[in-house]
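Shown next as structure tokens: one chain only, the form predicted alone.
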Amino acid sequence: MSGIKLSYRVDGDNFSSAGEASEQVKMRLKQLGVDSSIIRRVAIAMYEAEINMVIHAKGGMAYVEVEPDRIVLSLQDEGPGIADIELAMKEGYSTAPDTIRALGFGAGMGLPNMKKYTDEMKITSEVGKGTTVDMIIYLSAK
């Protein structure tokens, strides 16, 4: 199961395709025999990241690496960036416009949920350049 690398384009402003990458990863992990509780965590973290990319960054790329002991997710965009990462990590904080909230998104739980469902998470962001969210989920308790 080691060394599997997957990549997906996440379309911006396209809510109908949001979540397709996380769904494909979920199916692939099932085929590989990954424990269902790990698959659930990967799917939730990746879906939240995809939605954030659709809402805030006009899309980007999602990279997944399946290693013998972990699954590594890296989601990269060239959006507006995050000015205050600490503030953005607070539950309920959102910069989503009202039009997005009317669709049921933008509740300010994306980043907190990504952190909750992963073992490690790092956000690198530069205003005006974009954001990269790197997440690791270990296949066994650490």
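All residue numbers are counted from 1 along the displayed sequence. Every value quoted in this text rests on a predicted model; they were computed, and no experiment measured them.
FYI, the form predicted together with a small molecule isn't displayed, but the following is about it.
- Not displayed here, the small molecule is approached by Tyr93 to within 4.5 Å at the level of heavy atoms in the predicted bound form.
- At least one heavy atom of Thr131 is located within 4.5 Å of the small molecule in the predicted bound form.
- Using a 4.5 angstroms limit between non-hydrogen atoms, Gly106 touches the small molecule in the predicted bound form.
- With a 4.5 Å cutoff on heavy atoms, Val66 does not count as touching the small molecule in the predicted bound form; it lies far away.
- Heavy atoms within 4.5 Å of the small molecule in the predicted bound form belong, among the stretches 38 to 46, 109 to 117, 66 to 74, 22 to 30, to residues of 109 to 117.
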